[in-house]
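Take a look at this single chain in structure tokens; it is the form predicted alone.
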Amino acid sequence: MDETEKIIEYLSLNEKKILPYVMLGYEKLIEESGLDEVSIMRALEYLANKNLIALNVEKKKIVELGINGVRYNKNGLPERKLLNYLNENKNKVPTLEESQKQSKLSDDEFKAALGVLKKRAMIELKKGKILLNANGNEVAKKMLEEIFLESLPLELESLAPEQKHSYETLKNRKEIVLIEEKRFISIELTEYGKKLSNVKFDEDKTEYIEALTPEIIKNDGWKGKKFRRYDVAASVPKIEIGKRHFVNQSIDYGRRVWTEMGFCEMEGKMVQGSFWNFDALFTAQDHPVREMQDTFFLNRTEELPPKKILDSVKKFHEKGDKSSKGWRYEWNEDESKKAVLRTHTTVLSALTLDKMSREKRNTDFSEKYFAIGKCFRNETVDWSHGFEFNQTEGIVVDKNVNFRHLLGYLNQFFKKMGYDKVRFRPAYFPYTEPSVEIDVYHPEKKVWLELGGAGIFRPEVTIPFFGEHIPILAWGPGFDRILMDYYEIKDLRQLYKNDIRQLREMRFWMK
């Protein structure tokens, strides 16, 4: 078998169909082959992989006429219509209303025409009337924009300076010009391809089996026939597979990290009472976070806890005890009933502590809990703020833990999330003392990123639940900042806009 016969065995039916017409050009190829464009492009790519053709596909941005551009190119731009009317009536000074009516322009077109002609000092407005300043030669001379529209379509990158000026002038006006991205394909036969292009494939009576099926094997349909060879190195069309949203992927990964570290997951409703969201966490009722500018309140109320814990929390808010002075104000029970969209996942920690206090007869226990969930704040939406965000929460309840344990847990978690350098800075939070801010180092940008806070719950938080102060390690850093850093997202809103192209191209979460 010579080399030509061997190559022929590699050719698919579509490749054989288009090879004789390659030299005619891409447009003629579509016409002569009878194949659709997708099939033709795939066959061309296969021929290029076999070094039978040189294929060049170039994408160019082309300036085209929009809907209004087609109309203006035929009937004249609004400024041309207005200018012609004023020139024909130069012996009188028409009003604005009359000029618009006679030149048959819409409100938007008339405003645009006035703006263009005023900018070029061709007209002047005085007391609601239009004065023509241009002479006959200036009126008769074609404007650059008119010449530009007549010359379209043009390649954007190849525009001359005066054409660029016209494009910039017209692009912000409604549907006059638009940009279309077009594909330009050039095909050239290689020396070896030229030899094969003379082969009359329609005269080749050899039957090639494209795929081996159970029926062919069962009925001996393969006997006396040849199998088409497959090029296993050839590129294949990209297949878009279904996958979980990348935010959910990363949340699943974070959840797996916490469970591997021995933590149990906390779950709870997104709508919570102000008691659990604020009061149980020793947040004063006059604190700014409890105002409508910061929190989403619902037009309903939630049930309060049993009287024992309610009275204890009230006491700490108003007077404190031996270890605290409290906030020194009159605590309002009605404020605690207000329903809110939870402002942090720390509310789940408060609910978990309440459940533990009711289920345990003594405080000789050691338990670890985490949560990753959505929270809500009444923020102005921009690239770095949103009215919803993900937070990861954690608590360790144990009489024997201390501040060094807290830093150790956080170090371990963030290392598993892909950050080798973690640092802690002193901070203040209403319900923890001591408190720290968590920063992680970004090796490429060479900056420290702030992720959130942590600390040990104050006695004012723990005593109402357990009757004594138990060291409880607590943290609640933002999770979305971790996602933005990993996926190199610059705008927080990209996490939730569900751009199908972005979702297809986004890589899997792997650390």
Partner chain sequence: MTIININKKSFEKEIGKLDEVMLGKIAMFGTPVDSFDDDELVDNFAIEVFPNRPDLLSYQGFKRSFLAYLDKKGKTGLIDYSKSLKKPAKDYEVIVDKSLEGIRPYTACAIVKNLQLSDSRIKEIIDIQEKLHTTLGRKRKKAAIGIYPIEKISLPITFKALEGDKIKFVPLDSPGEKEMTGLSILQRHPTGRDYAHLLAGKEKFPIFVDAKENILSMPPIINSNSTGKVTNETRDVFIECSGFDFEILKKILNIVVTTLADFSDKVEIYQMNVHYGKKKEITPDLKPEKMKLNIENVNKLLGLNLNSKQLRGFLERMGYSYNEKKREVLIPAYRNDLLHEVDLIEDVAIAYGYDNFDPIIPAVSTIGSESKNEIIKRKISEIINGAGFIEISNYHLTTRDDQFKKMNVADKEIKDSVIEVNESKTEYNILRNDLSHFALKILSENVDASYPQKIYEMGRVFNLDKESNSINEKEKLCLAYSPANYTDVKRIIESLFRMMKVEIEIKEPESGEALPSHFIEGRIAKILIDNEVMGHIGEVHPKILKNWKLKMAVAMFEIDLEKVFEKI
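Quick caveat, the model's predicted, so the values are computed rather than measured. Numbering follows the first chain given and starts at 1.
Beyond what is shown, the protein has a form predicted together with the partner chain; the following relates to that form.
Put simply, L24 is far from the partner chain in the predicted bound form: not one heavy atom of it is within 4.5 Å. When contacts are judged by a 4.5 Å heavy atom cut-off, F424 counts as touching the partner chain in the predicted bound form. Put simply, K490 is far from the partner chain in the predicted bound form: not one heavy atom of it is within 4.5 Å.
For the chain shown alone, Y72 is not a contact residue for the partner chain in the predicted bound form, no non-hydrogen atom being within 4.5 angstroms. The stretch that touches the partner chain in the predicted bound form, counting heavy atoms within 4.5 Å, is 248 to 256, out of 186 to 194, 172 to 180, 87 to 95, 248 to 256. Note on the partner interface in the predicted bound form: the residue among E318, D286, E333, E155 having a heavy atom within 4.5 angstroms of the partner chain is D286. Distance criterion of 4.5 Å from any heavy atom to the partner chain in the predicted bound form singles out E265 from the list E265, D108, E138, E162. Residues R300, S323, S324, K325, G326, W327, R328 are the ones in 300 to 330 with at least one heavy atom within 4.5 Å of the partner chain in the predicted bound form, listed in sequence order.
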